[in-house]
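Alright, two takes on the same chain below, each alone as structure tokens: structure 1 and structure 2.
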Structure 1
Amino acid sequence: MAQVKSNYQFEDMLQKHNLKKTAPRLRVLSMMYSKNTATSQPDLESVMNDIDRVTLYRILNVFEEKGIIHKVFDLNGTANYAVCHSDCQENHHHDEHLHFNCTACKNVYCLNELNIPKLTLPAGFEPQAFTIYASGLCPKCSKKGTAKVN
């Protein structure tokens, strides 16, 4: 499920976006691509505790600007970041997919494969983007509850 990318590909990504290939950026990219769930800044900080808090903050910001990652708020309102699957451009995201927030493990999953149904809003509303949030149990946690632990 998690995308497999080589370090060379990460360097390529940075270059394409006119970003310098630095160690902190490559590490963030590799961590985010290795997971199939979104990552909060506290998550990043605890794993990469040798990188400055502000540096991570700025890396996440610039990645979001460039359309490399997108931000999603979980049930508690804390920001989580996930890689953009699609054709996101600088300052123009297209992340209209479903976000699933597991109430047990708290992980946030981007379910890109799901297409969002068309909705008609009340008169006057002119929607430009939709996202759906679902909360409940993710595959891992629902398995734990019922049968054997994975």
Structure 2
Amino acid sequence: MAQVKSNYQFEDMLQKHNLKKTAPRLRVLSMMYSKNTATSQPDLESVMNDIDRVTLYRILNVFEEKGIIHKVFDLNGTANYAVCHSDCQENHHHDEHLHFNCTACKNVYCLNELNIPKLTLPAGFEPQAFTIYASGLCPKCSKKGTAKVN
């Protein structure tokens, strides 16, 4: 579900991460927090046409580095971005949750409420990150009876 935050909370978030409070950063945060799905840079560009592509790329990049958002890929391999939990830190994400790709509407959902068991890897392997994906129909598409799109 989308989280509702005020501009003051976004300003505090930027300050906490030692980032300048710029209008484009505040707009991107507002947009990201208003959605209940991950969003791609091209999707953001289409609704934020006053922010140029390079600026938007840099904002997404620094937000990811600072642990504000995390990157997740859709079924086509396109990078999408979703809001991190508050326990994500700079250069260390805690986004160990299921990422659900809807095959009908193509939305990507972060299912944070699912408990993912801790993975124990064989000796010598040092994980830096992992991602778990599932695909199928989201609740909205399931209600519509939407068939799988190839």
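Under this definition, the rigid core comprises the largest set of C-alpha atoms superposing within 1.5 Å between the forms. All residue numbers here follow the sequence of structure 1, with the first residue given the number 1. Quick caveat, the model's predicted, so the values are computed rather than measured.
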- Message: The form predicted on its own: is that structure 1, or is it structure 2?
- Response: 2
- Message: So, superposing on the core, is the move of residue 49 at the CA at least 2 angstroms between the two structures?
- Response: no
- Item | Per-residue C-alpha change between the two structures, residue 115, threshold 2 Å, rigid core fit | no
